[in-house]
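Two forms of the same protein chain are encoded below as C-alpha coordinates; each is given separately, as structure 1 and structure 2.
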Structure 1
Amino acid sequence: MADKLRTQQQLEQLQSRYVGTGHADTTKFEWTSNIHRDSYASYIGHPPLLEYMSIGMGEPKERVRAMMIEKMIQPVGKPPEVQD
(Lines of atoms letter the chains of each structure in order from A and count residues from 1; the text may use other names and numbers.)
(Lines give C-alpha, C1' and ligand atoms only; values in the text may rest on other atoms or scores of the structure.)
Protein backbone atom coordinates (compact mmCIF):
# COMPACT_ATOMS: atom_id res chain seq x y z
CA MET A 1 0.00 0.00 0.00
CA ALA A 2 2.90 2.33 0.76
CA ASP A 3 4.28 1.83 -2.78
CA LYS A 4 0.95 2.84 -4.30
CA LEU A 5 0.79 5.99 -2.16
CA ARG A 6 4.40 6.89 -3.02
CA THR A 7 3.71 6.37 -6.72
CA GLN A 8 0.62 8.59 -6.54
CA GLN A 9 2.60 11.33 -4.76
CA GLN A 10 5.35 11.17 -7.37
CA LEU A 11 2.79 11.45 -10.17
CA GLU A 12 1.17 14.48 -8.54
CA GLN A 13 4.60 16.07 -8.12
CA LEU A 14 5.39 15.55 -11.82
CA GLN A 15 2.02 16.94 -12.87
CA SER A 16 2.52 20.08 -10.79
CA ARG A 17 6.04 20.58 -12.14
CA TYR A 18 5.38 19.87 -15.81
CA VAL A 19 2.18 21.24 -17.34
CA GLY A 20 2.09 18.90 -20.33
CA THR A 21 1.99 15.63 -18.37
CA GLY A 22 -1.79 15.73 -18.10
CA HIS A 23 -4.16 14.61 -15.37
CA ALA A 24 -7.58 13.02 -15.06
CA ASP A 25 -9.37 16.21 -16.15
CA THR A 26 -7.22 16.85 -19.24
CA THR A 27 -9.35 17.08 -22.37
CA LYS A 28 -8.39 15.60 -25.73
CA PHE A 29 -7.96 19.13 -27.10
CA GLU A 30 -5.54 20.12 -24.31
CA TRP A 31 -3.59 16.89 -24.70
CA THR A 32 -3.13 17.26 -28.47
CA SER A 33 -2.27 20.95 -28.08
CA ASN A 34 0.48 20.09 -25.60
CA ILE A 35 1.88 17.41 -27.90
CA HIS A 36 1.96 19.77 -30.90
CA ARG A 37 3.54 22.59 -28.87
CA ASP A 38 6.20 20.26 -27.50
CA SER A 39 6.96 19.04 -31.02
CA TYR A 40 7.30 22.57 -32.43
CA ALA A 41 9.51 23.58 -29.49
CA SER A 42 11.74 20.58 -30.17
CA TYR A 43 11.99 21.39 -33.88
CA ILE A 44 12.92 25.00 -33.09
CA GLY A 45 15.35 24.00 -30.35
CA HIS A 46 17.37 21.64 -32.55
CA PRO A 47 18.97 23.71 -35.35
CA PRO A 48 19.98 20.76 -37.56
CA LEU A 49 16.42 19.43 -37.54
CA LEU A 50 15.05 22.90 -38.29
CA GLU A 51 17.50 23.27 -41.17
CA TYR A 52 16.52 19.84 -42.53
CA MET A 53 12.84 20.81 -42.45
CA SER A 54 13.52 24.18 -44.08
CA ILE A 55 15.38 22.51 -46.95
CA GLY A 56 12.49 20.11 -47.46
CA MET A 57 10.00 22.98 -47.47
CA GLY A 58 12.17 25.15 -49.73
CA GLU A 59 11.99 28.08 -47.32
CA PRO A 60 14.65 29.99 -45.38
CA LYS A 61 15.38 28.61 -41.92
CA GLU A 62 14.22 31.74 -40.09
CA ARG A 63 10.92 31.82 -41.99
CA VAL A 64 10.23 28.19 -41.02
CA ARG A 65 11.17 29.02 -37.43
CA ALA A 66 8.80 32.00 -37.35
CA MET A 67 6.02 29.92 -38.93
CA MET A 68 6.42 27.26 -36.23
CA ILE A 69 6.36 29.84 -33.46
CA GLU A 70 3.10 31.23 -34.88
CA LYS A 71 1.63 27.72 -35.02
CA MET A 72 2.36 27.28 -31.32
CA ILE A 73 -0.39 29.79 -30.48
CA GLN A 74 -3.20 27.52 -31.67
CA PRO A 75 -1.54 24.32 -32.87
CA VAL A 76 -4.74 22.29 -33.43
CA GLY A 77 -7.23 25.04 -34.18
CA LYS A 78 -9.74 26.86 -32.04
CA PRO A 79 -10.78 25.26 -28.77
CA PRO A 80 -14.14 23.48 -28.74
CA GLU A 81 -17.07 25.40 -27.34
CA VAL A 82 -17.96 24.59 -23.77
CA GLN A 83 -21.51 23.40 -23.23
CA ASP A 84 -23.20 24.19 -19.90
Structure 2
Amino acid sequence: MADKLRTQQQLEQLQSRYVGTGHADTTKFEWTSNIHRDSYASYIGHPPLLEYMSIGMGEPKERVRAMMIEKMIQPVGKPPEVQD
Protein backbone atom coordinates (compact mmCIF):
# COMPACT_ATOMS: atom_id res chain seq x y z
CA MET A 1 0.00 0.00 0.00
CA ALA A 2 2.83 2.36 0.95
CA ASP A 3 4.47 1.65 -2.38
CA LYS A 4 1.37 2.59 -4.25
CA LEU A 5 1.11 5.80 -2.29
CA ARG A 6 4.70 6.66 -3.05
CA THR A 7 4.21 6.04 -6.75
CA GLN A 8 1.15 8.22 -6.63
CA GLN A 9 3.10 10.99 -4.92
CA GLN A 10 5.95 10.74 -7.36
CA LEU A 11 3.58 10.99 -10.26
CA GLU A 12 1.90 14.03 -8.77
CA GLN A 13 5.25 15.65 -8.26
CA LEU A 14 6.17 14.97 -11.87
CA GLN A 15 2.87 16.36 -13.04
CA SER A 16 3.34 19.54 -11.10
CA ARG A 17 6.91 20.03 -12.22
CA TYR A 18 6.54 19.06 -15.85
CA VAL A 19 3.38 20.54 -17.22
CA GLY A 20 1.73 18.14 -19.59
CA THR A 21 2.72 14.90 -17.89
CA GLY A 22 -0.25 12.64 -18.50
CA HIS A 23 -2.14 10.38 -16.16
CA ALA A 24 -4.47 7.43 -16.50
CA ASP A 25 -7.50 9.64 -17.12
CA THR A 26 -6.02 12.19 -19.51
CA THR A 27 -8.81 13.41 -21.75
CA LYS A 28 -8.50 14.21 -25.42
CA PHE A 29 -9.05 17.86 -24.60
CA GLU A 30 -6.18 17.94 -22.10
CA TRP A 31 -3.88 16.11 -24.41
CA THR A 32 -4.53 18.21 -27.50
CA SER A 33 -4.42 21.43 -25.48
CA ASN A 34 -1.01 20.45 -24.22
CA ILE A 35 0.30 19.59 -27.64
CA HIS A 36 -0.89 22.89 -29.04
CA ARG A 37 0.47 24.94 -26.18
CA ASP A 38 3.82 23.20 -26.53
CA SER A 39 3.82 23.90 -30.24
CA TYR A 40 3.03 27.58 -29.83
CA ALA A 41 5.70 27.95 -27.15
CA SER A 42 8.18 26.36 -29.54
CA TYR A 43 7.21 28.66 -32.42
CA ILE A 44 7.74 31.66 -30.18
CA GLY A 45 11.01 30.38 -28.79
CA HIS A 46 12.73 29.67 -32.09
CA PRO A 47 13.48 33.02 -33.72
CA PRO A 48 13.80 31.69 -37.31
CA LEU A 49 10.50 29.83 -37.04
CA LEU A 50 8.73 32.90 -35.71
CA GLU A 51 10.19 34.98 -38.51
CA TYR A 52 9.13 32.41 -41.09
CA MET A 53 5.56 32.59 -39.88
CA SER A 54 5.55 36.35 -39.57
CA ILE A 55 6.64 36.69 -43.20
CA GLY A 56 3.94 34.27 -44.25
CA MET A 57 1.29 36.19 -42.34
CA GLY A 58 2.60 39.60 -43.35
CA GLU A 59 2.66 40.83 -39.75
CA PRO A 60 5.53 42.00 -37.54
CA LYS A 61 7.17 39.33 -35.40
CA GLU A 62 6.05 40.91 -32.17
CA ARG A 63 2.40 40.80 -33.31
CA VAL A 64 2.69 37.14 -34.28
CA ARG A 65 4.31 36.36 -30.95
CA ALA A 66 1.49 38.04 -29.02
CA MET A 67 -1.13 36.33 -31.17
CA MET A 68 0.39 32.95 -30.42
CA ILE A 69 0.48 33.44 -26.68
CA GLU A 70 -3.10 34.59 -26.95
CA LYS A 71 -3.94 31.32 -28.71
CA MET A 72 -2.24 29.36 -25.93
CA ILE A 73 -5.02 30.40 -23.56
CA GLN A 74 -7.55 28.19 -25.30
CA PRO A 75 -5.79 26.47 -28.18
CA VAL A 76 -8.41 23.86 -29.09
CA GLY A 77 -11.66 25.53 -28.16
CA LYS A 78 -13.96 25.10 -25.23
CA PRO A 79 -13.45 22.16 -22.87
CA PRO A 80 -16.04 19.39 -23.18
CA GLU A 81 -18.99 19.06 -20.80
CA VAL A 82 -18.11 16.90 -17.82
CA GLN A 83 -20.41 13.94 -17.52
CA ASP A 84 -20.76 11.94 -14.38
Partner chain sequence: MATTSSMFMYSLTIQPPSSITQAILGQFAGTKEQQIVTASGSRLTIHRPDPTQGKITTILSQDVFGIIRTLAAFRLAGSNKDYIIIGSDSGRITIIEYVASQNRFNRLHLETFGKSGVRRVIPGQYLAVDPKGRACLIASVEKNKLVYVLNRNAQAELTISSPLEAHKPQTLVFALVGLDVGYENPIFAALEVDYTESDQDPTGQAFEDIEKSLVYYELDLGLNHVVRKWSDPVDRTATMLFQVPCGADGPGADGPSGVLVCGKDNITYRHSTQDAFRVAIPRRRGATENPERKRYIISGVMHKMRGAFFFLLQSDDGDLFKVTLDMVEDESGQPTGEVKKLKIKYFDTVPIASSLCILKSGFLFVASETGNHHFYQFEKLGDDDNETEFDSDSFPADPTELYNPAYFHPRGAENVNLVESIDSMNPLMDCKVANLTDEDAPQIYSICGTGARSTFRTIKHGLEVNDIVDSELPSVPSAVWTTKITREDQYDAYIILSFTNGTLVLSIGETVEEVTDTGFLSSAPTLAVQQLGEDALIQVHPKGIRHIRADRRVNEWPAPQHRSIVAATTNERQVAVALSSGEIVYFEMDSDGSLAEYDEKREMSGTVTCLSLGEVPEGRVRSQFLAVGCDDSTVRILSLDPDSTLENKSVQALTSAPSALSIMAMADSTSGGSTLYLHIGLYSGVYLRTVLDEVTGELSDTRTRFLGPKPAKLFRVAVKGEPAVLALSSRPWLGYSDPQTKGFTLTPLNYVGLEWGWNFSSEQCPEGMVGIQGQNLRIFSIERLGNNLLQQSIPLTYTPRKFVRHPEQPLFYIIESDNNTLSPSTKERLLNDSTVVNGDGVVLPPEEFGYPRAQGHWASCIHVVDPVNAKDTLQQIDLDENEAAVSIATVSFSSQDDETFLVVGTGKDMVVSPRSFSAGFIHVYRFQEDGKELEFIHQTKVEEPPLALLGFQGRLLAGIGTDLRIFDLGMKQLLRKCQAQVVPNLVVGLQTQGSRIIVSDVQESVVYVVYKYQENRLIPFVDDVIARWTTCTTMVDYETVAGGDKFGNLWLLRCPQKASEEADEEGSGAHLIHERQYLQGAPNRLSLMTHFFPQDVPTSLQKTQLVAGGRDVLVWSGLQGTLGILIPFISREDVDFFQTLEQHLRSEDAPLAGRDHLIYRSYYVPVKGVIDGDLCERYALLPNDKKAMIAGELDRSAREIERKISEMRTRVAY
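Definition used throughout: the rigid core is the maximal C-alpha set that superposes within 1.5 Å between two forms. Numbering for residues begins at 1 and runs along the sequence of structure 1. Predicted model only: the values in this text are computed from it and were never measured.
Chemist: With both forms of the chain shown on their own, indicate which is the form predicted together with the partner chain.
Modeler: The form predicted together with the partner chain is the one given as structure 2; the other form is structure 1.
Chemist: Given a core-based superposition, decide whether the C-alpha of residue 72 shifts by 2 Å or more between structures 1 and 2.
Modeler: It does not reach a 2 Å shift.
Chemist: Superposed on the rigid core, does the Cα of residue 62 end up 2 angstroms or more away between structures 1 and 2?
Modeler: Shift of 2 Å or more: no.
Chemist: Once both forms are fitted on the core, what is the Cα shift for residue 8 between structures 1 and 2 in Å?
Modeler: Its C-alpha shift, to one decimal, is 11.2 Å.
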